[in-house]
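A single chain, nothing else alongside it, follows as structure tokens in the form predicted on its own.
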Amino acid sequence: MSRPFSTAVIGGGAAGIMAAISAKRIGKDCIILEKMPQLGKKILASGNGRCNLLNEKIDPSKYNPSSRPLVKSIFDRFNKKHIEDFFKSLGLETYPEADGRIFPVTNQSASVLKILELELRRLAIPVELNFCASNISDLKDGFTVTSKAGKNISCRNLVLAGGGKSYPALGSDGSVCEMAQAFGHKVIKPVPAAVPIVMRDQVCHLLQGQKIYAKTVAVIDGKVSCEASGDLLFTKYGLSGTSILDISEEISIAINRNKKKDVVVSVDLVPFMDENKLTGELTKRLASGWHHADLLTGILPNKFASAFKEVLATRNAKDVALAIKKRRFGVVETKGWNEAEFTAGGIDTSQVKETTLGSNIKKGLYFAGEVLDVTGHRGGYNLAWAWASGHVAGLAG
């Protein structure tokens, strides 16, 4: 068995790397245990390869309601400015986009990972790659982490930062949550978030590949749950695009966790015109002798004429406007973990100390990142949580 470390971190992603750096900077002897052959594979994939580091408007309201007290406490300790200063101190320059998202000036995730790896090297933090943790032994004065290959690492404090279940090919499979359960922690069932939605609807098939700007509303058991505006992409299986990803968390929780059946997405295909204005325009076109197949010309792309030919053929302006403004798509399911950007669910935050991210059940056990039931909006909020929670857990652990 190796010498005991002060702190071992399971997971070499954003939260895990941050935890190790903050621990070593205050003199703790620490090690990173990463199951993949490379650190930070999800960092490399983040922001479509650009790494959306954080957002100008970090606020607890951007996270799932049950997590907000914990999120507030952590960002009170390590906030947006602290994150920016941390990366600037490492030599990484950043810039904000108009929507508040913050990126490295290189627009390359590889730059972010490289600068973190340089800091790990400067601090002489050991990294065990291809270390697939399979068991944690609870010792009187700490823990022993055993890999599937039989290697043992002992430590006094342990930070679980192995991520959620999204993009399993990049190393996240939910196994760290199972380790927490073995210590008595409750795990809120993980479900895919920021994920495309599956519908069986002829309109989706007819319009596959078409992208427009739209407003989408999630309706669960007949009640409006949430809404978003942005890109809407029609696919052969259903709907995607930012306006869908932004409402998908509540849909996924309803279907995959709560087993709801009555889940619908209502889509306003022309949010730039209210219903009365659209009805008036269609009425004017009909009065001018426009053929029904041409009624949507200049309002929606030409492909929509064939997708909505039945209602257009009625030549009823009000019915057409209603069909365009409130088109309802019945949800069958969500796509799976391979297409989900985030995980909704994880270790119950009520069992975690708000000041340190330490376990309320097992002394010496700490948590950071997506392994906790903390899910932020798209736009840098989840990486911001990874940096901040990693920093706090590393200091305490």
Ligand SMILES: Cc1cc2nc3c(=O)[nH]c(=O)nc-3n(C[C@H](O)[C@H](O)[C@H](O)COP(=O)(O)OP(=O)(O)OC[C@H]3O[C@@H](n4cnc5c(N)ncnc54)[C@H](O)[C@@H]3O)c2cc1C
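So that there is no doubt, residue numbering starts at 1 and follows the sequence shown. On a predicted model such as this, the values are computed, not experimentally measured, just so you know.
Just so you know, the form predicted together with the named molecule exists too; it's not on screen, but the next bit is about it.
Among 33, 331, 344, 352, the residue placing a heavy atom within 4.5 Å of the named molecule in the predicted bound form is 33. Contact between residue 14 and the named molecule in the predicted bound form is found at the 4.5 Å heavy atom cutoff.
Put simply, residue 52 is close to the named molecule in the predicted bound form: some heavy atom of it is within 4.5 Å. Taking the partner from the other structure, the named molecule in the predicted bound form has no heavy atom within 4.5 Å of any heavy atom of residue 73. Interface membership of residue 167, defined by any non-hydrogen atom within 4.5 Å of the named molecule in the predicted bound form, is confirmed. In short, of 303-311, 242-250, 75-83, 132-140 it is 132-140 that has heavy atoms within 4.5 Å of the named molecule in the predicted bound form.
Applying a 4.5 Å heavy atom cutoff to the named molecule in the predicted bound form picks out 170, 171, 172, 173, 175, 176, 179 from 168-182, in order along the sequence.
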